[in-house]
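Structure 1 and structure 2 below are two forms of the same protein chain, each written out on its own as structure tokens.
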Structure 1
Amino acid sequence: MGHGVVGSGVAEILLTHKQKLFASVGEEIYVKKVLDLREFPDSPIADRFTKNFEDIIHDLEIRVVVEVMGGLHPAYEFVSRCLKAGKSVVTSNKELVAAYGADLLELARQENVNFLFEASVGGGIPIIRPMNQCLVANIVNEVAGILNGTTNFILTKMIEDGMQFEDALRLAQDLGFAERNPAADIEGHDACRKICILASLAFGKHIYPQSVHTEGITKITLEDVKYAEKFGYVIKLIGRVKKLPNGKIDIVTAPMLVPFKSQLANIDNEFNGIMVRGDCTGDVVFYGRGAGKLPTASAVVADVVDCISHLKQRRFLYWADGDGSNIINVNDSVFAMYVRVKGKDAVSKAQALFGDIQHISMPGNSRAAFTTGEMTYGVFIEKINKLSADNVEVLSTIRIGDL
């Protein structure tokens, strides 16, 4: 369902890798129907296109359906009906999984079919299956990652080439890494949906994106990038979820200063990196292209193969619905912070409020930046408001990631 960038990639792999896939599953994977409102007369499977979803639902030979249309509607309705009709469903649609994952997994459980979504988080990077199977002996304490290639590309251009944010965004659009309307990427919503999926998987309860404090990268300036480097950090947009000793979780999507020594610091351009912290394995990092036609399509096809291998039994992939009661308030979240300021005696005023700080002052003007120790975000905001009331202009505040 859907023959756009990813959908056409799925069809291409199923056609060009037919022999390899046959060897994997012992039978042919045949594309029976392709649902799209557009015409594709030059496609090698042009005769299999349909504009009518009912053609898929009522075809008893179709055992696995691939949803790569994107968006919530009619994707949710179509996927629900496929599951109820006894067909397994594979999707790359992170918006769908983040909004309706618990609902669709429960529906799949009831109908004894599979709902798989490996491609929804890391594109071509395997992460759902490794977390669900390979790391099953671990208690996962934390998941953090660079989950959006567009913002990582923009920040890389700012860091390495000294480009302004607007120029780096324009380049990303020209190269096809960013949409004409880039809001979902640069405002952090895409990364938020992905960390919600990983948090739901890691901790067993659905996390809805609207429950997660989310910031984008639109306020990051070249000045922040230069200060960060002097402090020993690079700036990355990070989705992070951490389990606390009281059993609750701390989840946030925001730009963070990542130390040079971190494995996430050197993940550049359109690449993604996801770090999973297990009690037995320590840090495990998954790295690769987080988007693109064939990388994403390869993850979709891997799920198709998995569904075919488990036609008569369910894969155990499940989490319960959640109401957000297991998530702490953002003001209770603990971070060290980076602050960029302007004003007379700004550093001494900051020291009086924050105590032991590290600072860098620009010679000859009233601009400076400093980093604080760890504190709750609520306490930090109180202190920042006092600093502002003391005639210090707060230009920028960014979390420091312990990654």
Structure 2
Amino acid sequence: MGHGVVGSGVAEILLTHKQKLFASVGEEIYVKKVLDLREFPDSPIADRFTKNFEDIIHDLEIRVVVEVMGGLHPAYEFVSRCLKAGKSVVTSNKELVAAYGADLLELARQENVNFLFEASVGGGIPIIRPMNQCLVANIVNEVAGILNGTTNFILTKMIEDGMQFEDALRLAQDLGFAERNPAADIEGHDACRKICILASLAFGKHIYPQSVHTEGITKITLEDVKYAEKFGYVIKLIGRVKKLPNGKIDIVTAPMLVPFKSQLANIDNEFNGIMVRGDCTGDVVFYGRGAGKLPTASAVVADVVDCISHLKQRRFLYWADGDGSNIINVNDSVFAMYVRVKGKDAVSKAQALFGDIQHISMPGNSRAAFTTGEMTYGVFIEKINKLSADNVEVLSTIRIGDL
């Protein structure tokens, strides 16, 4: 269902890798129908297109359905109906999994079919299956990652080539990384959905995106990029979730200053990187192409293979619904902060408020940037408000990631 960037990639891999897949599955994976409202007369499977979902749901030969339409509706209705009809479903749709994951997993459990979504996080990087199976002996206390290829591509172009934000975004769109509405990328919603999926998987209860404080990269300037470098950091959009000693969840999606020495600091362009902190393994880092046609399609096809290999047996992938009561308020989360300011005596005023700060001042003008020690975000905002009231213009504030 859906013959866009990812859907056409799935069809392509199923055709070009037919022999290889036959060897894994023991039977041919045949594309019976493709649902799309558009016409694709030049496709090698042009004769199998339909515009009518009923052609799929009523076809008893179709045992696995791939949903790569994107968006919530009608994706949710179509996927629910497929599961209820006893068909396994594979999706790359992170919006769908982040909004309805618990609901659809429960439906799959009741119908004893599979609902798999490896491609929904990290594109071609295996992360759902490794977290669910290979790391299962660990208690995972933290997951942090660069989860959006478009914004990582934009930030990399700003950092390395001094490219303007809009030009880099257009290039990412041309290369097929961006969402249909790129606001979902640059405002952080796509990364937020992905960290919600990983958090739900890691901690066993659904975490909904609306419970998560989310900031995008639209306010990041080349000046911030340069100051960050001088302090020894690179700016990345990070989705991060931590389980606190009291059992509560601290989750945020926001740009962060990542120390040069962090494994996440060198993940550039459209690549994604995800760090999972397990109590037995220590840090495990997953790296690869987080967006694009064939990387994402390869994860979809792997799930199709898994569904076919387990047609009569459900894969154990499940989390319960959640009400957000286990998530701490953003004001209670603890971070060191980077601040860029303008104004007379800005640094000495900041020192008076924040105590021991590191700072870089631009000679000959009243511009500076400083980094603070750790404090709760609520306390930080109180101090920043006092700084503003003392005639210091606060130009930007960014969290410093402990990564």
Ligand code: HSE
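By convention here, residues take numbers in order along the sequence of structure 1, the first being 1. C-alpha atoms forming the largest set that superposes within 1.5 Å between two forms make up the rigid core. This one's a predicted model, so the numbers in the text were calculated from it and none came from an experiment.
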inquiry  = Between the two structures, is it 1 or 2 that corresponds to the form predicted on its own?
reply    = 1
inquiry  = When the rigid core is used for the superposition, does residue 233 move between structures 1 and 2 (threshold: C-alpha shift of 2 Å or more)?
reply    = no
inquiry  = So that I can tell if residue 173 moves, could you say whether its C-alpha shifts by at least 2 Å between structures 1 and 2 after the core superposition?
reply    = yes
